[in-house]
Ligand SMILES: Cc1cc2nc3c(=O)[nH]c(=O)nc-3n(C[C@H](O)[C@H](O)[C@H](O)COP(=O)(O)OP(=O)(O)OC[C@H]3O[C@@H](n4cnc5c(N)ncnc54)[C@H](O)[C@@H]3O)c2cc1C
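Read the single chain below, which is given as structure tokens and is the form predicted alone.
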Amino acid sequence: MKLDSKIPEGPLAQKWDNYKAGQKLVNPANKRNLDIIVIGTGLAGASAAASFGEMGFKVKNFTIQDSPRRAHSIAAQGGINAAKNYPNDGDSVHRLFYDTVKGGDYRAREANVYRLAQVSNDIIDQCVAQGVPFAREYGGTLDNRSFGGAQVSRTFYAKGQTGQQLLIGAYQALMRQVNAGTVDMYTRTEIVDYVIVDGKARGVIARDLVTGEFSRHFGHAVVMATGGYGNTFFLSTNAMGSNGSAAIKAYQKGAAFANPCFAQIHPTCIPVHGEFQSKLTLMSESLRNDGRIWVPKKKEDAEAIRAGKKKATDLSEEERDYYLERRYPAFGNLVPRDVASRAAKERCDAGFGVGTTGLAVYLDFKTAIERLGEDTIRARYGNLFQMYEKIVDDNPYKEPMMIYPAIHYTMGGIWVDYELQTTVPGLFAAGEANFSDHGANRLGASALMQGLADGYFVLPYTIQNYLADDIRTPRMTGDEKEFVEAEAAAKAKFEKLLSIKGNRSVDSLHKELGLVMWDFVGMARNKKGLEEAIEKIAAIKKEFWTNVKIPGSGKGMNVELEKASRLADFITTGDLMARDALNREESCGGHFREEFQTEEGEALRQDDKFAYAACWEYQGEDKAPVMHKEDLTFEVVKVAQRNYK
């Protein structure tokens, strides 16, 4: 497998301009003869499909949802980063770039990250033009707030509904193209395989989730924008329908999967509260702007709180340990997510956790309410406070919230070059589905930025550079042998699942996988545990393929069949994550190996051995994948131990 990152020549700040100046274009008449398939309608998929349609390409856009507006991007709450520097507090494109590389623990490609910072300001302009109702300050300019890993305020927001408002903007742009006839929308349709012709991605096999029927679709290029694979853990902040199947299908068709062990565990989630949960709820990182995180200083107070003999409000200021402010005075409660999550785990493991399980810490707004007033806090976070109260039945204006880390986002994903093209020519990956921009840890409010950057401002350029050589390729009918064989293989897989007729439900097996992932491939990992995880995942795989029970048939809607198909891919993903974590003998970002930590318990990188993207190549069913390296070089950023103190 050849890994060519295609980073343009020239100084870092001029690479994107150099690329655009030299790239090949497709003239308007030829665009009408070129088909692009876009999988996914979240921020990356919707913005890409809308842009391609506006440019004149013929687009097919697929979503498993009944409407593009139900894509999981809608759940993003806190905001979107950009280097506008409206608060005049010292921000710049370079600082956003630097914070992102540092926040990712120096495991991201410099050129891609710098481009992301460069186009961030264009995203805000475009969204304002679409009517996205960003919050504004008294003078009328857009308001900003702070997120973890930065000492400036660069996060644009729309109350606690930023993802929803940005998605409405992208949805409007997309539906304009649907009405114009440039985009054909396929709802409730899942991609079950890719079609490769002469080494190039030329189409997909789709399955209608309502009728169960399969169909073949041709595209001169295919863009995958289907999000991450956090639901491998069963319990996560992802929507229950979020899945990594499109990425695993691409991996099985020759696309390298990069850094699968880099999964983000978000520090501010509502703690697990029972064995029958199927979903966890995120409380936005924006709450760390004004909320202070603490646990009791004395173990006896923590024990009394867990026993219900004391309440948080019974403890005075002197009896509280604001441990993030104590350990990281420079950044305080706004340290990056990986640092905040590990610190919460350390306090809970040491016996200072609260809640009935002891696996929770407090997020307290008492100081902020005294300083700013309840009305101001309500204006900033009212919908989040309401959501918390509805779930937990506590009033967060009176009692501190309880939070604990949970799986949230995956920085790993399909390997892409500077053009966002995978190792399969003609197959592109955008947004969370690729590994491109966040290294080993994503900073808060950067996911929305990357999704829209890829869709609005990167792919519209880079895909032309690929398609310019394809203008003489005629449309295929779908009757070619590669399409027929791919459809037959997909059908055979579904028929095999239905034929097992075992005794285990899909969810019971998925929960078992999730527990293995959380216990051995979660917040703290070690060699022995990861080796055990690989064995346990293999056993779950065997149990799944011999004893899963799927009622009903493949005709018509069958939700259990959908879940089973996705669980087969989650099992493959889990194995890949464990192998990657086992290989990476260092701690960096969201990947924490217990054998590699400083005396103070911080992540200890091994730059001389692991400053690379680990890219895994599929070798076939039940065969171990092969790892290839893309070495990371840092020409501008000085690599150093991260320090938020």
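Counting begins at 1, following the sequence as shown. None of these values were measured; they are calculated from a predicted model.
Only in words, not in the display: the form predicted in complex with the ligand, which the text now covers.
Take the ligand as it sits in the model of the complex, overlay the site C-alphas onto this chain, and none of its atoms lands within 2.4 Å of the backbone or a C-beta, so the site here is open. Per the 4.5 Å heavy atom criterion, the ligand in the model of the complex is contacted by stretch 440-448, the sole one of 370-378, 440-448, 517-525, 105-113. Residue in contact with the ligand in the model of the complex (any heavy atom within 4.5 Å), chosen from H72, R342, R216, H510: H72. Checking L467, I550, L282, A568 for any heavy atom within 4.5 Å of the ligand in the model of the complex turns up a single hit: L282. Not displayed here, the ligand is kept clear of G590 by more than 4.5 Å at the level of heavy atoms in the model of the complex. Heavy atoms of P267 never reach within 4.5 Å of the ligand in the model of the complex, leaving it off the interface. A residue is said to contact a partner when one of its heavy atoms sits within 4.5 Å of a partner heavy atom; E190 meets this definition for the ligand in the model of the complex.
The closest non-hydrogen atom of L459 lies beyond 4.5 Å of the ligand in the model of the complex. In the model of the complex, the ligand lies within 4.5 angstroms of at least one heavy atom of each of the following residues of 202-231: A225, T226, G227, in sequence order.
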